[in-house]
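Only one chain is shown below, in structure tokens, and it's the form predicted alone.
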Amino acid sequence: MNAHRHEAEGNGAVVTPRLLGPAEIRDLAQLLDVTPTKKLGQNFVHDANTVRRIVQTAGVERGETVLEIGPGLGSLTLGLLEAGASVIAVEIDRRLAEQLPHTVRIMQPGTELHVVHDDALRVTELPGEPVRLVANLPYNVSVPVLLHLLVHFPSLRSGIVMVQAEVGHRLAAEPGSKIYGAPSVKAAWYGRWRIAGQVSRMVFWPVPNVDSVLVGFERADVPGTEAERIATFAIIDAAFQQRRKMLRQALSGVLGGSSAAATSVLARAGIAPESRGEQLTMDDFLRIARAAR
């Protein structure tokens, strides 16, 4: 990789930039013969100011271990390392996974990076216990990846993820909202979510045809057991698959096989059978799952 070295003012010293810009992104893509694919949701960030804003918004502290998903060419990875974090990066593309340590060695020598070549939807073990998640998540799998990581890595206490705007607003939606749905309720099982900022399309290569937002979360103690989570999530899925129907109808398939059986369970949970899924909080769904037992 051509590191695009330049002379520092005053002393003529050769300096290597610490973060990737458009020129470095082009160099790396050409070196690796990488053409970003929609299948993998690859849109690489090439703006250093955006990278530093994401790291700052995430509250990354020196010495802590951060998990990054889909590091790509390394834009955000370098920003996290610059802040003094130890980074565990999970990358599904072998070429990118193999190049990333070389990029880091050139641009930020002496920093601590662990690359895991794997699918983020399948990884269940990591070389360390990350306390924070900071990632530019592929648009097509962002919600499943988030939920998978929160299930398998309880050490994650907070994070900032960049996702498609529509997905981000759904994650942070409150009950009663038109965009409140299964992702909103399932995310709430793990803690509080918020929209933490907007991201311009122009900081990506290639430029995506969707807007992006930063979504932040703070983890809370889970409200129930793993068995209760699985039961609750099944009820959530049923409620939103037929979101226009009253719960006594939408949940009949998972609560006894009939509208009458569902009505009985809902009554025990203190939920009006005429309610709809979009009106219920995560705690309401948990009460239904417990009543169904």
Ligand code: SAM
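Residues carry their position along the shown sequence, with the first being 1. Remember, it's a predicted structure, so these values are computed and weren't measured experimentally.
This next part talks about the form predicted together with S-adenosylmethionine, which is not shown.
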Taking the partner as it appears in the model of the complex, which of 113-121, 172-180, 186-194, 147-155 has residues with heavy atoms within 4.5 Å of S-adenosylmethionine?
113-121
Contact with S-adenosylmethionine in the model of the complex for T232, defined as at least one heavy atom pair within 4.5 Å: yes or no?
no
Do L247 and S-adenosylmethionine share at least one heavy atom pair within 4.5 Å in the model of the complex?
no
Is the gap between G72 and S-adenosylmethionine in the model of the complex 4.5 Å or less for some heavy atom pair?
yes
Would you check, heavy atoms only and a 4.5 Å threshold, whether I92 touches S-adenosylmethionine in the model of the complex?
yes
Residue (of I236, V60, V45, L28) lying close to S-adenosylmethionine in the model of the complex, criterion heavy atoms within 4.5 Å
V45
Would you kindly say which of I88, M107, L214, L96 lies with a heavy atom within 4.5 Å of S-adenosylmethionine in the model of the complex?
L96
